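The chain below stands alone and is given in structure tokens; this is the form predicted on its own.
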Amino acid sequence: MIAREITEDILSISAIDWDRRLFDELVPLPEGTSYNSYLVKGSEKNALIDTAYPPMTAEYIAALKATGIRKLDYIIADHGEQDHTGSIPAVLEIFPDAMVVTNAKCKDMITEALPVAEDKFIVVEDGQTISLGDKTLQFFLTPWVHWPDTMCTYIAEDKILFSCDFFGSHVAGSDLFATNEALVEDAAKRYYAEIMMPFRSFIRQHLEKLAPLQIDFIAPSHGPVYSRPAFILDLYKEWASDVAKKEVVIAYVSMYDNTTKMVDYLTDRLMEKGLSVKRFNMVGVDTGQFTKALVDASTVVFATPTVLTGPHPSVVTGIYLLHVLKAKTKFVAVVNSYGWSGNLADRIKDMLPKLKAQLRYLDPVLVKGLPKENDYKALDRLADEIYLANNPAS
């Protein structure tokens, strides 16, 4: 771990977790991740923005000492999760006079999780500033991206926004800046889908709040620094909007190939109509890839056999993710293969109560046993309905 310059007086100290493959025992990390901390050297005072994940504390402290910094006045905690705050106690051991600067909600979370005394905190409000001499730290509360305590720190003199988890990406890489924008876009979209998507309305509000700021750099807590901020800002505006694309996600499981036959047929019909289709066999699926597809999709088809009167458990995972992540999906359809108990459409509808107001349910295709001629005609009708739903003027 080393410190690298963003500007002459602002250093990035990134703990790069090359081998981590699961975050919070939940989120897959195919590219690993990083925990970014930033050292800001002012003419009168110095500040550290965020720290590091506890298992990397020793390496982090060594890198911090290697910067040659002799005095630390503030530790800025933009968010209470321990991948940001876990090394605060260790930093305070070597800089006992430093104060932890954060908002009231974040202070509560830190004191509940870490041995940091109450009198070590400076609690700031939205828009409040702290001077380092020739640099001014300004704090903007941005709750629910993705916790209620999150905030951003801005330095007007350097036109840099330290955005915390906002605009982050799980990437373990050697590049300080987001030079490979295609790679970073893919990782950032996955990150958005898995973590930020349920909070689209808050994201839109915070984008408007930050819009007046002059920003030359965005420095998130995970992933590379953006030296072209418009790149990630424009992507977030698109992802967080209510405008869905004419894309169809098919989440399916097949036990005896009957469902696969129907999914293959429906996929071909949709492609013939010019619709983009993304298919996911939900058995062993990479949930990050699936949720990333939900960011833009107007339509989701759940194709499943009946298992004990309900959808296959792996398809239930897809239903659950659509529900809790509150995707902008507009249309849902069900394709069901059953032996003796059919009509899963109502059961699946009951699993999506949070999306009740925005979803239109298309006519289900319910097939007993092997799909027959009339069943394929029903799939033709479903393909037509999906096309017309996405092209209402046709």
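Numbers for residues come from their place in the sequence shown, where the first is 1. All values reported here derive from a predicted model rather than from experimental measurement.
Absent from the display: the form predicted together with a small molecule. The rest refers to it.
Contact label in the predicted bound form: residue 338 to the small molecule, heavy atom within 4.5 Å
Because a heavy atom of residue 338 falls inside 4.5 Å of the small molecule in the predicted bound form, the answer is yes.
May I ask you to check whether residue 243 falls inside a 4.5 Å heavy atom distance of the small molecule in the predicted bound form?
Answer no; every heavy atom of residue 243 is more than 4.5 Å from the small molecule in the predicted bound form.
With a cut-off of 4.5 Å between heavy atoms, is residue 307 one of the residues that contacts the small molecule in the predicted bound form?
Yes, contact at 4.5 Å.
4.5 Å heavy atom contact, residue 258 to the small molecule in the predicted bound form:
Answer yes; at least one heavy atom of residue 258 falls within 4.5 Å of the small molecule in the predicted bound form.
The small molecule: the contacting residue among 276, 254, 267, 314 in the predicted bound form [heavy atom, 4.5 Å]
Comparing distances to the small molecule in the predicted bound form, the residue within 4.5 Å is 254.
Given a 4.5 Å cut-off on heavy atoms, tell me which of 230-238, 299-307, 124-132, 210-218 is the interface stretch with the small molecule in the predicted bound form.
Of the options given, it is 299-307.
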